[in-house]
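There is one chain below, alone, in C-alpha coordinates, taken in the form predicted alone.
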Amino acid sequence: MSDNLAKASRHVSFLRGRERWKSAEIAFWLTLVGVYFVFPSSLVFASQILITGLFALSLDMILGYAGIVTLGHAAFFGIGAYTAGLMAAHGWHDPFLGLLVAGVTAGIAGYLCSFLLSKGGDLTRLMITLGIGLLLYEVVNSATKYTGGVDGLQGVEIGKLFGVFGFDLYGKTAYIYVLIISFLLFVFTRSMMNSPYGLALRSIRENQTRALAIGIPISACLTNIYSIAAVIAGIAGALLTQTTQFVGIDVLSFQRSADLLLILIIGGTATMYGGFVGAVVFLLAQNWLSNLNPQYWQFFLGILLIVMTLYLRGGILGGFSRLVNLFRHWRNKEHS
(Lines give C-alpha, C1' and ligand atoms only; values in the text may rest on other atoms or scores of the structure.)
Protein backbone atom coordinates (compact mmCIF):
# COMPACT_ATOMS: atom_id res chain seq x y z
CA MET A 1 0.00 0.00 0.00
CA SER A 2 2.78 2.40 0.97
CA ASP A 3 4.66 1.57 -2.25
CA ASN A 4 1.61 2.45 -4.33
CA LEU A 5 1.19 5.74 -2.46
CA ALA A 6 4.85 6.55 -3.01
CA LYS A 7 4.57 5.82 -6.71
CA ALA A 8 1.42 7.95 -6.97
CA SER A 9 3.10 10.88 -5.19
CA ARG A 10 6.12 10.67 -7.51
CA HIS A 11 3.75 10.56 -10.47
CA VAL A 12 1.91 13.70 -9.29
CA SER A 13 5.13 15.58 -8.58
CA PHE A 14 6.44 14.62 -12.03
CA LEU A 15 3.33 16.04 -13.68
CA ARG A 16 3.44 19.22 -11.64
CA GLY A 17 7.09 19.70 -12.52
CA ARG A 18 6.32 19.39 -16.22
CA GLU A 19 3.37 21.79 -15.96
CA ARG A 20 5.52 24.66 -14.69
CA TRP A 21 6.51 27.14 -17.39
CA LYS A 22 10.26 27.37 -17.71
CA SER A 23 12.06 30.64 -18.36
CA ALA A 24 13.13 29.44 -21.82
CA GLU A 25 9.49 28.85 -22.75
CA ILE A 26 8.46 32.31 -21.63
CA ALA A 27 11.40 33.79 -23.53
CA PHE A 28 10.35 31.89 -26.67
CA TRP A 29 6.86 33.40 -26.73
CA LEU A 30 8.13 36.85 -25.78
CA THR A 31 10.52 36.61 -28.72
CA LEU A 32 7.57 35.92 -31.02
CA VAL A 33 5.87 39.02 -29.64
CA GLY A 34 9.07 40.99 -30.26
CA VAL A 35 9.08 39.93 -33.91
CA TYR A 36 6.07 42.21 -34.43
CA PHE A 37 8.16 45.24 -33.46
CA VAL A 38 11.61 44.21 -34.73
CA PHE A 39 10.61 42.89 -38.17
CA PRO A 40 7.56 44.93 -39.21
CA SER A 41 8.26 44.42 -42.92
CA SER A 42 8.43 40.61 -42.63
CA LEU A 43 5.23 39.91 -40.72
CA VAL A 44 3.57 38.12 -43.65
CA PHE A 45 6.43 35.62 -43.78
CA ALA A 46 6.48 35.39 -39.98
CA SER A 47 2.79 34.50 -40.01
CA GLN A 48 3.47 31.66 -42.44
CA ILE A 49 6.17 30.34 -40.12
CA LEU A 50 3.80 30.40 -37.15
CA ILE A 51 1.06 28.64 -39.09
CA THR A 52 3.53 25.98 -40.22
CA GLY A 53 4.74 25.59 -36.63
CA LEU A 54 1.17 25.10 -35.41
CA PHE A 55 0.60 22.55 -38.17
CA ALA A 56 3.79 20.74 -37.14
CA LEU A 57 2.60 20.75 -33.52
CA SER A 58 -0.50 18.82 -34.58
CA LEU A 59 1.72 16.24 -36.28
CA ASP A 60 3.93 16.01 -33.19
CA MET A 61 0.87 15.06 -31.15
CA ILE A 62 0.27 11.92 -33.18
CA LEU A 63 3.80 11.07 -34.30
CA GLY A 64 6.00 12.22 -31.42
CA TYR A 65 3.68 11.40 -28.53
CA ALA A 66 1.38 8.66 -29.83
CA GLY A 67 3.77 7.07 -32.33
CA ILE A 68 1.32 7.14 -35.27
CA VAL A 69 3.31 7.32 -38.50
CA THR A 70 1.57 9.33 -41.22
CA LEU A 71 2.27 10.81 -44.63
CA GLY A 72 -1.17 12.28 -45.21
CA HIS A 73 -1.56 14.83 -42.44
CA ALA A 74 -1.96 17.58 -45.04
CA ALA A 75 -5.44 16.19 -45.70
CA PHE A 76 -6.76 17.79 -42.50
CA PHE A 77 -4.83 20.97 -43.13
CA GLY A 78 -6.42 21.17 -46.57
CA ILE A 79 -9.90 20.37 -45.24
CA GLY A 80 -9.62 23.27 -42.82
CA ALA A 81 -8.25 25.58 -45.51
CA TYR A 82 -11.02 24.79 -48.00
CA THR A 83 -13.75 24.90 -45.35
CA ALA A 84 -12.75 28.41 -44.28
CA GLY A 85 -12.32 29.46 -47.91
CA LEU A 86 -15.69 28.13 -49.07
CA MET A 87 -17.44 29.77 -46.14
CA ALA A 88 -15.85 33.13 -46.91
CA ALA A 89 -16.58 32.79 -50.62
CA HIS A 90 -20.27 32.15 -49.90
CA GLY A 91 -20.92 35.03 -47.53
CA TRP A 92 -19.68 33.77 -44.15
CA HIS A 93 -16.87 36.27 -43.62
CA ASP A 94 -16.42 36.13 -39.84
CA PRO A 95 -12.89 34.76 -39.20
CA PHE A 96 -13.67 33.15 -35.82
CA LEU A 97 -16.68 31.31 -37.21
CA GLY A 98 -14.49 30.10 -40.07
CA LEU A 99 -11.89 28.78 -37.61
CA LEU A 100 -14.54 26.99 -35.57
CA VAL A 101 -16.24 25.29 -38.51
CA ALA A 102 -12.90 24.42 -40.14
CA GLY A 103 -11.65 22.81 -36.93
CA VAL A 104 -14.86 20.83 -36.39
CA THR A 105 -14.93 19.64 -40.01
CA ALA A 106 -11.30 18.51 -39.92
CA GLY A 107 -11.90 16.88 -36.53
CA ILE A 108 -14.82 14.84 -37.88
CA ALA A 109 -12.67 13.75 -40.80
CA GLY A 110 -9.87 12.78 -38.41
CA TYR A 111 -12.28 10.85 -36.22
CA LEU A 112 -13.59 8.84 -39.18
CA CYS A 113 -10.08 8.17 -40.49
CA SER A 114 -8.85 7.06 -37.07
CA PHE A 115 -10.83 3.83 -37.29
CA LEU A 116 -8.76 2.84 -40.33
CA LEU A 117 -5.60 3.27 -38.27
CA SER A 118 -6.67 1.39 -35.15
CA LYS A 119 -5.28 -1.85 -36.50
CA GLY A 120 -2.08 -2.64 -38.30
CA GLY A 121 1.55 -1.62 -37.95
CA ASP A 122 3.48 1.45 -39.01
CA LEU A 123 3.67 0.44 -42.66
CA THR A 124 -0.09 -0.11 -42.82
CA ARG A 125 -0.75 3.28 -41.27
CA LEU A 126 1.74 4.91 -43.58
CA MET A 127 0.02 3.53 -46.67
CA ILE A 128 -3.49 4.31 -45.42
CA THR A 129 -2.70 7.93 -44.57
CA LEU A 130 -0.87 8.38 -47.86
CA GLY A 131 -3.83 6.90 -49.74
CA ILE A 132 -6.32 9.16 -47.95
CA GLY A 133 -4.25 12.22 -48.79
CA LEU A 134 -3.94 11.30 -52.46
CA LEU A 135 -7.66 10.50 -52.77
CA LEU A 136 -8.69 13.79 -51.22
CA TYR A 137 -6.27 15.68 -53.48
CA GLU A 138 -7.84 14.16 -56.58
CA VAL A 139 -11.39 14.79 -55.31
CA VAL A 140 -10.66 18.48 -54.79
CA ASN A 141 -8.84 18.66 -58.13
CA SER A 142 -11.86 17.18 -59.90
CA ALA A 143 -14.46 19.39 -58.18
CA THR A 144 -13.39 22.45 -60.16
CA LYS A 145 -16.81 24.05 -59.93
CA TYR A 146 -16.55 24.32 -56.13
CA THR A 147 -12.81 24.38 -55.40
CA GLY A 148 -11.33 26.03 -58.48
CA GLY A 149 -9.11 23.01 -59.12
CA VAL A 150 -5.50 23.84 -59.93
CA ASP A 151 -6.38 27.56 -60.24
CA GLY A 152 -7.37 27.72 -56.60
CA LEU A 153 -10.47 28.98 -54.86
CA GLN A 154 -11.33 32.53 -55.84
CA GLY A 155 -13.44 35.18 -54.12
CA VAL A 156 -12.24 34.56 -50.57
CA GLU A 157 -12.99 37.67 -48.52
CA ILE A 158 -12.34 37.63 -44.78
CA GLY A 159 -14.14 40.07 -42.51
CA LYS A 160 -12.60 42.25 -39.83
CA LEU A 161 -11.70 40.85 -36.43
CA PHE A 162 -14.42 41.89 -33.99
CA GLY A 163 -15.70 44.07 -36.81
CA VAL A 164 -12.80 46.50 -36.25
CA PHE A 165 -9.39 45.11 -37.23
CA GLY A 166 -9.04 44.39 -40.94
CA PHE A 167 -6.35 42.23 -42.55
CA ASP A 168 -3.82 44.64 -44.09
CA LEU A 169 -1.22 44.07 -46.80
CA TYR A 170 1.65 44.33 -44.31
CA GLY A 171 0.36 41.41 -42.23
CA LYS A 172 0.17 43.28 -38.91
CA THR A 173 -3.32 42.15 -37.98
CA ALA A 174 -2.69 38.69 -39.40
CA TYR A 175 0.46 38.16 -37.32
CA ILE A 176 -1.20 39.13 -34.03
CA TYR A 177 -4.23 37.01 -34.90
CA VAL A 178 -2.12 33.94 -35.77
CA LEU A 179 0.13 34.42 -32.73
CA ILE A 180 -2.79 34.55 -30.28
CA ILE A 181 -4.55 31.52 -31.80
CA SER A 182 -1.29 29.56 -31.91
CA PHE A 183 -0.50 30.38 -28.29
CA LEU A 184 -3.97 29.38 -27.06
CA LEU A 185 -3.82 26.07 -28.93
CA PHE A 186 -0.28 25.48 -27.68
CA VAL A 187 -1.36 26.03 -24.06
CA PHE A 188 -4.19 23.55 -24.55
CA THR A 189 -1.87 20.98 -26.14
CA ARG A 190 0.83 21.48 -23.52
CA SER A 191 -1.63 20.94 -20.69
CA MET A 192 -2.98 17.80 -22.34
CA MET A 193 0.45 16.29 -22.98
CA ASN A 194 1.58 17.00 -19.42
CA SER A 195 -1.51 15.27 -18.01
CA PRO A 196 -1.99 11.54 -17.27
CA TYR A 197 -3.51 11.28 -20.74
CA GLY A 198 -0.20 12.41 -22.23
CA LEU A 199 1.65 9.81 -20.19
CA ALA A 200 -0.77 7.18 -21.47
CA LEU A 201 0.07 8.18 -25.04
CA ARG A 202 3.79 7.85 -24.32
CA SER A 203 3.17 4.41 -22.86
CA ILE A 204 1.34 3.36 -26.01
CA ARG A 205 4.18 4.68 -28.15
CA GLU A 206 6.85 2.87 -26.15
CA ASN A 207 5.12 -0.49 -25.67
CA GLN A 208 1.51 -1.18 -26.64
CA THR A 209 1.51 -4.61 -25.00
CA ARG A 210 2.56 -3.19 -21.65
CA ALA A 211 0.10 -0.29 -22.01
CA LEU A 212 -2.71 -2.75 -22.63
CA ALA A 213 -1.65 -4.83 -19.66
CA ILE A 214 -1.91 -1.89 -17.24
CA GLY A 215 -5.39 -1.03 -18.49
CA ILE A 216 -4.83 1.81 -20.97
CA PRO A 217 -7.62 1.86 -23.63
CA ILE A 218 -5.33 2.01 -26.65
CA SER A 219 -7.96 2.32 -29.39
CA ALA A 220 -9.83 5.11 -27.57
CA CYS A 221 -6.63 7.05 -26.85
CA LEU A 222 -5.41 6.86 -30.44
CA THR A 223 -8.83 7.83 -31.81
CA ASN A 224 -9.00 10.82 -29.49
CA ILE A 225 -5.52 12.13 -30.19
CA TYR A 226 -5.87 11.65 -33.94
CA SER A 227 -9.14 13.61 -33.91
CA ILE A 228 -7.72 16.43 -31.76
CA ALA A 229 -4.62 16.66 -33.94
CA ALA A 230 -6.88 16.88 -37.01
CA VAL A 231 -8.78 19.77 -35.37
CA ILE A 232 -5.55 21.72 -34.80
CA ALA A 233 -4.32 20.95 -38.33
CA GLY A 234 -7.67 22.15 -39.73
CA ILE A 235 -7.42 25.40 -37.75
CA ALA A 236 -3.89 25.91 -39.07
CA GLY A 237 -5.20 25.46 -42.61
CA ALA A 238 -8.01 27.93 -41.93
CA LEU A 239 -5.48 30.46 -40.62
CA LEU A 240 -3.53 30.16 -43.86
CA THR A 241 -6.67 30.79 -45.90
CA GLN A 242 -7.76 33.75 -43.80
CA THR A 243 -4.37 35.48 -43.75
CA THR A 244 -3.71 35.03 -47.48
CA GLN A 245 -7.39 35.14 -48.60
CA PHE A 246 -6.67 32.41 -51.11
CA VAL A 247 -6.78 28.61 -51.18
CA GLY A 248 -4.59 26.61 -53.56
CA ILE A 249 -4.72 22.88 -54.13
CA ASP A 250 -1.16 22.60 -52.83
CA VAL A 251 -2.57 22.65 -49.27
CA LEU A 252 -3.48 19.00 -49.88
CA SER A 253 -0.31 17.96 -51.66
CA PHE A 254 1.95 15.10 -50.62
CA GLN A 255 4.85 17.58 -50.67
CA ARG A 256 3.28 19.53 -47.82
CA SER A 257 2.97 16.37 -45.71
CA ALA A 258 6.57 15.39 -46.51
CA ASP A 259 7.89 18.88 -45.71
CA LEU A 260 5.98 18.84 -42.44
CA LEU A 261 7.62 15.57 -41.44
CA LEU A 262 11.05 17.03 -42.24
CA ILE A 263 10.26 20.14 -40.21
CA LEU A 264 9.36 18.04 -37.18
CA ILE A 265 12.46 15.89 -37.51
CA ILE A 266 14.65 19.00 -37.77
CA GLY A 267 13.12 20.59 -34.68
CA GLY A 268 12.71 17.43 -32.63
CA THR A 269 9.75 15.16 -31.94
CA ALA A 270 7.84 14.94 -28.64
CA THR A 271 9.25 18.29 -27.48
CA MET A 272 6.21 20.60 -28.00
CA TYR A 273 8.47 23.30 -29.45
CA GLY A 274 10.14 21.16 -32.11
CA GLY A 275 7.54 22.00 -34.75
CA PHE A 276 7.97 25.75 -34.26
CA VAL A 277 11.77 25.59 -34.18
CA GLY A 278 11.83 23.30 -37.21
CA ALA A 279 9.46 25.62 -39.10
CA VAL A 280 11.74 28.60 -38.46
CA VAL A 281 14.88 26.75 -39.59
CA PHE A 282 13.29 25.00 -42.58
CA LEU A 283 11.46 28.01 -44.03
CA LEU A 284 14.34 30.41 -43.46
CA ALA A 285 16.77 27.92 -45.04
CA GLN A 286 14.37 27.34 -47.92
CA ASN A 287 13.99 31.07 -48.49
CA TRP A 288 17.72 31.76 -48.25
CA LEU A 289 18.83 28.82 -50.39
CA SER A 290 16.22 29.49 -53.09
CA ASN A 291 17.43 33.09 -53.34
CA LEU A 292 21.03 31.91 -53.38
CA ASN A 293 20.49 29.36 -56.13
CA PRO A 294 16.93 29.09 -57.50
CA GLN A 295 17.76 26.02 -59.59
CA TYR A 296 19.64 23.78 -57.16
CA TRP A 297 18.50 25.02 -53.76
CA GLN A 298 16.94 21.64 -52.90
CA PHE A 299 20.36 20.00 -53.30
CA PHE A 300 21.81 22.14 -50.51
CA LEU A 301 18.70 21.65 -48.41
CA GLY A 302 19.13 17.88 -48.81
CA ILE A 303 22.72 18.08 -47.55
CA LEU A 304 21.56 20.13 -44.57
CA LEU A 305 18.91 17.54 -43.71
CA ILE A 306 21.35 14.63 -43.99
CA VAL A 307 23.89 16.31 -41.72
CA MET A 308 21.27 17.20 -39.13
CA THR A 309 19.79 13.71 -39.17
CA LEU A 310 23.19 12.05 -38.70
CA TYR A 311 24.69 14.39 -36.12
CA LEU A 312 21.69 15.91 -34.36
CA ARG A 313 19.71 12.94 -33.07
CA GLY A 314 16.46 14.22 -31.68
CA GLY A 315 16.62 17.32 -33.84
CA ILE A 316 17.80 20.77 -32.84
CA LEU A 317 16.08 20.69 -29.46
CA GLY A 318 17.43 17.21 -28.77
CA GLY A 319 20.96 18.37 -29.54
CA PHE A 320 20.50 21.49 -27.43
CA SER A 321 19.20 19.42 -24.52
CA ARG A 322 22.28 17.18 -24.67
CA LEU A 323 24.57 20.22 -24.65
CA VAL A 324 22.79 21.61 -21.60
CA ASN A 325 23.11 18.27 -19.80
CA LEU A 326 26.82 18.07 -20.65
CA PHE A 327 27.35 21.59 -19.35
CA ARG A 328 25.52 20.78 -16.11
CA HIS A 329 27.55 17.58 -15.69
CA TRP A 330 30.81 19.49 -16.26
CA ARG A 331 29.79 22.22 -13.82
CA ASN A 332 28.82 19.70 -11.13
CA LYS A 333 32.11 17.89 -11.68
CA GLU A 334 34.02 21.14 -11.24
CA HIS A 335 32.26 21.92 -7.96
CA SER A 336 32.73 18.40 -6.56
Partner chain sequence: MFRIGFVFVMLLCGILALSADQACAAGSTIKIGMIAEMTGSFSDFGFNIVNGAKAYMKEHGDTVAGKKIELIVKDVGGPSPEVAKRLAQELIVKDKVDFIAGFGFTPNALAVAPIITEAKMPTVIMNAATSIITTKSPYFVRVSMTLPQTTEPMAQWAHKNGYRKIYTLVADYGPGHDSEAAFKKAFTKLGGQVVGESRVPLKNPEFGPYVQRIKDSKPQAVFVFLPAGEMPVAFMKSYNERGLAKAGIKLLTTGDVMNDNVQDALGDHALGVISTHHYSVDHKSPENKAFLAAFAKIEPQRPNYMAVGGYDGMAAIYNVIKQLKGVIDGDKAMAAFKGMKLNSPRGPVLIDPATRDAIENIYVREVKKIGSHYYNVEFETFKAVKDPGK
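As the structure is a computational prediction, the values presented were derived from the model and not from experiment. Residue numbers count along the first chain shown, from 1.
What comes next is about the form predicted together with its partner chain, which is not displayed.
*Asks:* Counting only heavy atoms and a 4.5 Å cut-off, does its partner chain in the predicted complex sit next to every one of 189, 259 and 318?
*Replies:* Checking in the predicted complex: none of 189, 259 and 318 is within 4.5 Å of its partner chain.
*Asks:* Out of 245-253, 212-220, 193-201, 230-238, where are the residues with a heavy atom within 4.5 Å of its partner chain in the predicted complex?
*Replies:* Of the stretches listed, the one contacting the partner is 245-253.
*Asks:* Do residue 20 and its partner chain share at least one heavy atom pair within 4.5 Å in the predicted complex?
*Replies:* Although its partner chain is absent here, residue 20 would stay clear of it in the predicted complex, with no heavy atoms inside 4.5 Å.
*Asks:* If we define contact as a non-hydrogen atom of the residue within 4.5 angstroms of the partner, is residue 326 a contact of its partner chain in the predicted complex?
*Replies:* No - in the predicted complex, heavy atoms of residue 326 and its partner chain never come within 4.5 Å of each other.
*Asks:* Could you tell me if residue 311 has a non-hydrogen atom within 4.5 Å of its partner chain in the predicted complex?
*Replies:* Outside the cut-off, so no.
*Asks:* State yes or no: in the predicted complex, is some non-hydrogen atom of residue 63 no more than 4.5 angstroms from a non-hydrogen atom of its partner chain?
*Replies:* No.
*Asks:* Can you name the residues of 23-43 that have a non-hydrogen atom within 4.5 angstroms of its partner chain in the predicted complex?
*Replies:* Heavy-atom contacts to its partner chain in the predicted complex: 23, 24, 27, 28, 31, 35, 39, 41, 42.
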